[in-house]
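Presented as structure tokens, the chain that follows is alone, the form predicted on its own.
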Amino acid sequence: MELTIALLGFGNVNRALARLLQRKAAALKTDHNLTITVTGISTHSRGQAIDPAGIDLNAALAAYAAGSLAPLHKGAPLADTMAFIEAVPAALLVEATWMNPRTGQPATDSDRAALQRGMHVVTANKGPLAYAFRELRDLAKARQLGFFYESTVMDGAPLHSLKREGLPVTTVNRITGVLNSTTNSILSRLEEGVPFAAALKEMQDVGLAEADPSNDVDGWDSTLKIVVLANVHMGADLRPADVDRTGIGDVTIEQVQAALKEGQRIKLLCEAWREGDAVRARVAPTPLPLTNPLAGVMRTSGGVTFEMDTLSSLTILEGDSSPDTTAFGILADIVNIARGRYRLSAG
């Protein structure tokens, strides 16, 4: 079968996806009888392109590097993102765009518009799940569409598909995780005696932290991620404002080194737990015993532990993350939508 897809955003993640689609084209055909054709790409600053016959991805990567996708566009000019979503001839939208962590926009509106138009949606964006998960999930179900989001937490690690297919009749009672690469790397470097500012600059230099690092350092990214996990895996309806949030800005070299001498390691820990009929959540620097698997999560790796009424506990650890690992999570979602896995009951 052929699946036409559109890419909303063409930053590091969707450019990595473009390269992955080319590298895995033969395997997709052999293993899944699936041919994926990109018919549209929309960016914030480098233009938009639609070609119903399919966009050559090498040409798209080169055009992006040159500064504009406009030479690849076929048809009438497009006014904005919503015009692109309305016009692009694609069955599925991959959304990997910038998002304000305090509002979930504009990503939430984009995903909603695509579902309303009748397109499957794969998002790598935490905002839509942190601010409108139930609405978007129910909209997709009502229209018999896929709304998948594997790459929103721990990149391509199969967390959400685990819930969908691997843990039937299971109640998750508690989730704990180390989920932000920037803060985890900074805390690891503080243990080694590297000053906070220098450790942060290292992450900025390799492109894993923004010029304004507040979303990571102040715990916003971690807050969004624990809200996503609580909403998807625990049936909660939390918003980021519901989370008790403390960042790592006040953590010192002396504190992390003292904890290590006492057999502990300070992590920016994300937690969600049941309290009666409610689900509570917090994000805060927390000392963990070195015997805890999450204490061994270093630098840009990540991990999460689920405590359940069936398997007792299950911990998933991920190696170092990158746009390539995020792109794999997106590709896995695309393949599973093509396989019709969205028809399973989810959450």
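So that there is no doubt, residue numbering starts at 1 and follows the sequence shown. All of these numbers come straight from a predicted model, not from anything done at the bench.
Beyond the structure shown, there is the form predicted in complex with another copy of the chain, which is absent from this document and is the topic of what follows.
R19 falls outside the set of residues with a heavy atom inside 4.5 Å of another copy of the chain in the predicted complex.
In the predicted complex, none of the heavy atoms of N12 sits within 4.5 Å of a heavy atom of another copy of the chain. For P287, no non-hydrogen atom is located within 4.5 Å of another copy of the chain in the predicted complex, even though that partner is not displayed. In the predicted complex, no heavy atom of G146 sits within 4.5 Å of another copy of the chain. With the partner omitted here, the residue from S161, Q264, N173, Q204 that has a non-hydrogen atom within 4.5 angstroms of another copy of the chain in the predicted complex is S161. Among the residues A278, A65, A27, A53, the one placing a heavy atom within 4.5 Å of another copy of the chain in the predicted complex is A27. Annotated contacts: E165, T315 and G340 all touch another copy of the chain in the predicted complex [non-hydrogen atom within 4.5 angstroms]. This chain is displayed without another copy of the chain, yet in the predicted complex the stretch 29 to 37 from 55 to 63, 29 to 37, 278 to 286, 42 to 50 comes within 4.5 Å of it by heavy atoms. Of all the residues from 72 to 109, none has a non-hydrogen atom no more than 4.5 Å from another copy of the chain in the predicted complex.
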